[in-house]
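Given as structure tokens, the chain that follows is alone and in the form predicted alone.
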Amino acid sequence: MDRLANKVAIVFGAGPNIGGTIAYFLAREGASVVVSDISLSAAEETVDFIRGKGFTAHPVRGNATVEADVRAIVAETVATFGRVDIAVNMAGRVHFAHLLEMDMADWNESVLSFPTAGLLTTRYTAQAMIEGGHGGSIIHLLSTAAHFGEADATAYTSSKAALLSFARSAAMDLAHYGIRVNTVTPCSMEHQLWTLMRDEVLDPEWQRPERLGFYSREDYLKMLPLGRFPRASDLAWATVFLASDEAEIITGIDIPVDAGLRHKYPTWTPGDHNGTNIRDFVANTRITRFGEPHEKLIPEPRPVGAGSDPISQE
């Protein structure tokens, strides 16, 4: 539990799913963690959870795509804890649309947001590390969208691919300062089953939309060699490793946290051979917050003809 003892971390973007779980795991391993989010209430929720577990955390409101905000977040971190050793960035805006229908304002916001947040969080945390006379670890959260073409997602794939290339180049620029820059790539996450995909999972009358580029959660699940979606805790463990001295010789790499998706043969569908289906998977899945089981189980599928069934939106 002391892999990050005496280190100070900033997590840019931290609700109770991915960012908050990463912040909690960093704190649990001994780091003092500054939790930054565009919503102060989200940052405070994460900090309250971490403090409630007996660990050290501090909330800050800020937008990681705004230079003045990032500069202020880093300055407050140094003022509060004396240094910065670790930065984790997952900030950006997502817009999905077919390229023939893409709104230019959405395109500009989405394509610029992820690499801009990458540049600002890397620049200002690296400067703090250099001024402190020590190295550090900077980690950016990506998506399979950074590595593949995806229909209806030109803005998102362009933005995440730009962040991937940025991180590789940043790793080279900062190597002689002892600052490592790496990335972590998840595929579709387990928590999306009860946020983004709840109708498909819980409604027996659900029908597949007839649009280009659509795939169901069952389609996706069947493609995963390990037979389950990644959880926030899986990303957190990869981040802890990259933040720790165990990875002191590692820079410029990407760790796929995707149940083997990226490296399987494209036409092989593992789920066709092992009987995987989304409803059985959901029936054995527990909602988590901050990487720990939540008291609420995922609801049973609604009977045919039943009304809507409210689901927790953690």
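Sequential numbering from 1, following the sequence displayed. None of the values given here were measured: they were computed from a predicted structure.
If you look for the form predicted in complex with a small molecule, you will not find it shown, but the lines that follow are about it.
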Worksheet item: Does the trio 59, 87 and 171 actually contact the small molecule in the model of the complex, every residue with a heavy atom within 4.5 Å?
Response: no
Item to complete: Have a look at 42, 259, 287, 247 for me and say which one sits with a heavy atom within 4.5 Å of the small molecule in the model of the complex.
Response: 42
Discussion item. By the heavy atom within 4.5 Å rule, which residue out of 166, 237, 124, 156 makes contact with the small molecule in the model of the complex?
Written reply: 156
Worksheet item: Counting only non-hydrogen atoms and a 4.5 angstroms cut-off, does residue 92 reach the small molecule in the model of the complex?
Response: yes
Discussion item. With the partner left out here, check for me: in the model of the complex, does some heavy atom of residue 15 sit within 4.5 Å of the small molecule?
Written reply: yes
Discussion item. In the model of the complex, is there a heavy atom of the small molecule that lies within 4.5 Å of any heavy atom of residue 191, even though the partner is absent here?
Written reply: yes
Item to complete: Look up in the model of the complex whether residue 63 has a non-hydrogen atom within 4.5 angstroms of the small molecule, and give yes or no.
Response: yes
Worksheet item: Counting only heavy atoms and a 4.5 Å cutoff, which of 25-33, 50-58, 64-72, 268-276 contacts the small molecule in the model of the complex?
Response: 64-72
